[in-house]
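Take a look at this single chain, the form predicted on its own, given in structure tokens.
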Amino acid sequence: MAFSQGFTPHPKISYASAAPTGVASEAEYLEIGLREVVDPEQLRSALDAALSPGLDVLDAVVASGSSLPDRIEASHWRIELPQVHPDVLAKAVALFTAAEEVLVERMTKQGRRTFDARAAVVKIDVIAAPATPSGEPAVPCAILELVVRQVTPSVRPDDVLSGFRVVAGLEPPVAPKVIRLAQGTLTAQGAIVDPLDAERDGATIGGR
């Protein structure tokens, strides 16, 4: 691995839109600088072997063109809300999407900030949890899938849930389970394109 110059050299590694603390992810990306040319698959295999079980490096490609952060335009999130009925969540989503703006507050490095959680949401859908053989889920569980545009300050899944509290008074009784399913370039249809699709043979690494 290459290191920066100066009195305190650091490994040349950078993360693109890292997931918030406490959030699971199946689509994290990073860039690393190397001192010499190596085979991407050998690099992927070596990094994968060095990580803990469950942290899998899926691919490595030679970086070219624009930087990785420039290719991360949006994220696709899945939020599971135990003990929330899908109909209740659907009403909150309807109010949220109908609003011109939904202002929420969050503590940031610059202090407490107020920002619009609605403007960053490109797509949002409510999905019912899989039913049991009797036809109903054992415990009500609403599932939310949403595509959120990368903006500054970033709008996180918990900000969207805060928006539901603002517009509909929805307070999930159990902590939600949040998973990032994908991140990358945003299409006009609201789909996410893998940022490594254009180049599948070198040193930018995609992992989870």
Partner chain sequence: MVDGRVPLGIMSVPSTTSRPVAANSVWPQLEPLLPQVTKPIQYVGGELGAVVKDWDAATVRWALMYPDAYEVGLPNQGVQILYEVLNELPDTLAERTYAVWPDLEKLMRAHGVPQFTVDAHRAVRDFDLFGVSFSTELGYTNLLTAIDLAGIPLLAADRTDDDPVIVAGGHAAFNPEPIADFVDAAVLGDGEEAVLEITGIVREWKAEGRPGGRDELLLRLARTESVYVPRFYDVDYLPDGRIQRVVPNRADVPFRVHKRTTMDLDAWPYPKKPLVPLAETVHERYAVEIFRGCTRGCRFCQAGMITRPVRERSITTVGQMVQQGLEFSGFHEVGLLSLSSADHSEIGDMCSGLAEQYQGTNVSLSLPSTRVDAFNIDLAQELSRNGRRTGLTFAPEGGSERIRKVINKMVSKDDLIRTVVTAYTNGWRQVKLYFMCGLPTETDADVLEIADMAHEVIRAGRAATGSKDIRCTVSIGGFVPKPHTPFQWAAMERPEVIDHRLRLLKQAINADRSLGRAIGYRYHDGEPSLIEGLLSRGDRRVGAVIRRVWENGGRFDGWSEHFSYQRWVDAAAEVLPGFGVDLDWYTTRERDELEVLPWDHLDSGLDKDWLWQDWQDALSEYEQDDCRWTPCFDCGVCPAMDTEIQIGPTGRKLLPLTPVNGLKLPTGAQQ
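Positions refer to the first chain, counted from 1. Keep in mind that what you see is a predicted model, and the values were worked out from it rather than measured.
Another form exists, predicted in complex with its partner chain; not displayed. Remarks below refer to it.
Peer 1: Is every one of 8, 27 and 34 within 4.5 Å of its partner chain in the predicted complex, counting heavy atoms?
Peer 2: Yes: each residue has a heavy atom within 4.5 Å of the partner.
Peer 1: Decide whether residue 59 counts as a contact residue for its partner chain in the predicted complex under a heavy atom distance cut-off of 4.5 Å.
Peer 2: Close contact exists here: in the predicted complex, residue 59 approaches its partner chain to within 4.5 Å, heavy atoms only.
Peer 1: Using a 4.5 Å heavy atom cut-off, state whether residue 196 contacts its partner chain in the predicted complex.
Peer 2: Yes, residue 196 lies within 4.5 Å of its partner chain in the predicted complex.
Peer 1: Is residue 152 close enough to its partner chain in the predicted complex to count, meaning some heavy atom within 4.5 Å?
Peer 2: Residue 152: no contact with its partner chain in the predicted complex.
Peer 1: Does residue 21 make contact with its partner chain in the predicted complex, using a 4.5 Å heavy atom cut-off?
Peer 2: So residue 21 counts as contacting its partner chain.
Peer 1: Which listed residue (143, 38, 168, 182) meets the criterion of a heavy atom within 4.5 Å of its partner chain in the predicted complex?
Peer 2: Looking at the other structure, the residue within range turns out to be 38.
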